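Here we start with a single chain on its own, the form predicted alone, put down as structure tokens.
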């Protein structure tokens, strides 16, 4: 796919500002500015290249996700020689969790560079992580693996990856609770139903029952979030029993 400046119709002055912004974030000079512009181009802009292919950050996001996983895997492989496959996989999941990637995107202030017809205030948190992954993909295409690894080391691994802290970090309370229930052969049920409250946004409520006891309740704007909130409350109610297993 060829990218040309005709796609963007950008002005030299804005190019200069964008170049300086990218240089500050990356820690080195970008070669192809157009690749980085694509990393911040939302699909709502409906841009296409000369062959009529859509141009937005989603393909770069796919590439960046793979590069990020590879480089984090290499780091963990080298740093934790005693870790087996299951341990390394779990640790990598903690580093590249959606929540963590969203935090990285926010810390770098990436949202200010996003081109979109959708008001930025209307985006959810995931836009930050999506664009961060797209940026990693752009670095790989622009400067290759070594620069990509350098960026991830400086922006992700050195400031955020602490093996001991990660070992104690919970990715999903729901997974933790379900795993414990299965080990203890305790029946469990997430009873999720639409909340008919007066909020403008539709909410879902959940009651988590373990055995014959209703252990936790929660409500949120999605079923997944409601289940996770209820699971977290259940975990802390059962923490001494779960952690001793």
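Numbering follows the first chain given and starts at 1. The shown structure was predicted, so the numbers you read here are calculated from the model rather than taken from an experiment.
Same protein, other form: the form predicted in complex with another copy of the chain, not shown, and the subject of what follows.
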Given that another copy of the chain is left out here, which of 215, 67, 181, 45 has a heavy atom within 4.5 Å of it in the model of the complex? 67
For the spot marked by 78, 92 and 145, is every residue within 4.5 Å of another copy of the chain in the model of the complex through some heavy atom? yes
Quick check on residue 141: any heavy atom within 4.5 Å of another copy of the chain in the model of the complex? yes
4.5 Å heavy atom contact, residue 88 and another copy of the chain in the model of the complex: yes
With the partner left out of view, is residue 99 within 4.5 angstroms of another copy of the chain in the model of the complex by any non-hydrogen atom? no
Could you tell me if residue 192 has a non-hydrogen atom within 4.5 Å of another copy of the chain in the model of the complex? no
Picking from 216-224, 55-63, 203-211, 25-33, which part of the chain touches another copy of the chain in the model of the complex when contact means heavy atoms within 4.5 Å? 55-63
